[in-house]
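Taking the form predicted on its own, here's one chain by itself in structure tokens.
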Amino acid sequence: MSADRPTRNQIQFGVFFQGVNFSTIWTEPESGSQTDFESFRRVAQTAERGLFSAFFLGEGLRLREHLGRLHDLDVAGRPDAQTQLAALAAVTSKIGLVATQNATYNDPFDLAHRLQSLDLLSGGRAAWNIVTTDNAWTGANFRRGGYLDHADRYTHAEQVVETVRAVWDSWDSDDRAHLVARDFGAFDVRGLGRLPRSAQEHPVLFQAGDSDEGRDFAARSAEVIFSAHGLFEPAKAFAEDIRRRTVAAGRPADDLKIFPGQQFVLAETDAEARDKAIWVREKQITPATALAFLENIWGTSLAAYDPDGPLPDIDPVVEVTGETRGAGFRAKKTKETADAWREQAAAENLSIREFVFKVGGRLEGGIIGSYQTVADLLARYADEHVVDGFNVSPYLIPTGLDDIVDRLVPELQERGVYPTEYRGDTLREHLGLRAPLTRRGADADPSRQTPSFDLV
């Protein structure tokens, strides 16, 4: 294995353990459980062996529902992200630990303490992926359903982030705790943070929103952005837009690292990889999955329709979709969507299942090829600085990273576009990030500007 070539840009990998959805194949003999710690341990330790920068967990605040029933076609339920990551901190030593946590339904003071606890216990490896939710269906679990308007979700999130950061900054370098006081109407806090700073000052901030508001929020507040734009040209356009917004927010263009999600299907040859990709696609989108995908738009059972036949000729029974199957299906105008889908399927002579392969699967958005072909492609991403890395979504748990770590990573290292060792011990060091935004320049220690208390 050759040493790093510092003159060439490098990319990094993170791993996205999705948990529930049809992108992960849960039906094969080697498939693990989405709730068994062994699944998380195996994936995290394999990723760390491959020098991945981070292990990324999603979050579900309510079990998904489909046509008024619990949706269990794939799998249902997953453990709390921070609890999982605390357990993984004990069996790993380098890899970053990213917890998706909702800014709408978490109280900022408590959230700050839990994330800072993970950061301290892991030696400075924690991160917070900031997400928002405004719908009443999810909020019903918290007795606060629909309390936040959709247009206000990022304004509220920004207030939560400011408060969380203030808690993290409240202990200065002389071990004096400074008062944190905020009043934003929807919440107010007044108190002292309960922990000192971690080895990386405070957790790294991730963000994944793709709307204009979400991108601007990331440009102002986040340090890593996770996107769905993984193919070369869309990824390049996304990166240009994000770097423009980051500069407009008063930050250096490279201050916000870009990590699109990506599925890799690899084999010895390109032809074998294409055959494997067909197998992956057919396992991900079964006939029942294809019908359920359309039912999200039609709003009624389509069990009478042949998955290998044309799209339904009946119209949807609802006007707009809800959020019970996740953000990807939320607020769709059903008649308009159904007409467009039928027109596309007829024009391309696609059956129901073939159509869902095209619009609902990961094949079109995935990278498929031999280890050498994919390594050459990723070297182009690195050379043109299209991304800073990929958040890899394995289609099998817990073995889905094995060929990436054992075969693709060495190919990338030979080309000088992938690290050959961790840069340090903290996630901030792995990602090459600057100091947290509240710890720079004249405002390097904002906690000193507020009343302080000696710690005894």
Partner chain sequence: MTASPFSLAVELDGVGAHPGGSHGLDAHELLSPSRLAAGVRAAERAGFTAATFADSPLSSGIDAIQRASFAAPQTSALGLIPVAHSVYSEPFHVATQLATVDFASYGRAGWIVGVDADPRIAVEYGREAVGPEHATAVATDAVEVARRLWDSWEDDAVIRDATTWRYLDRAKVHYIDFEGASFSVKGPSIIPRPPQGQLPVFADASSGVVGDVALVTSSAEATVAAARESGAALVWLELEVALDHAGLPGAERVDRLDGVTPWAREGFGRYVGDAAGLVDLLTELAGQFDGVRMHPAVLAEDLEELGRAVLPELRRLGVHTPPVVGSTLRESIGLPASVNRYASKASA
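Numbering follows the first chain given and starts at 1. All values derive from a computational prediction rather than experimental measurement.
Only in words, not in the display: the form predicted together with the partner chain, which the text now covers.
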| item | value |
| --- | --- |
| Contact stretch among 229-237, 249-257, 143-151, 262-270 - heavy atom within 4.5 Å of the partner chain in the predicted bound form | 143-151 |
| Interface residue in the predicted bound form among 346, 288, 359, 377, criterion: non-hydrogen atom within 4.5 angstroms of the partner chain | 288 |
| Interface residue in the predicted bound form among 113, 220, 333, 342, criterion: non-hydrogen atom within 4.5 angstroms of the partner chain | 113 |
| Interface membership of residue 187, the partner chain in the predicted bound form, 4.5 Å heavy atom rule | yes |
| The partner chain contact at residue 405 in the predicted bound form, heavy atom, 4.5 Å | no |
| Any non-hydrogen atom of residue 170 within 4.5 angstroms of the partner chain in the predicted bound form | no |
| Residue contact check: residue 197 to the partner chain in the predicted bound form, 4.5 Å heavy atom | yes |
| Residues of 68-83 having any heavy atom within 4.5 Å of the partner chain in the predicted bound form, listed in sequence order | 69, 70, 71, 72, 73, 74, 75, 76, 77, 78, 79, 80, 82, 83 |
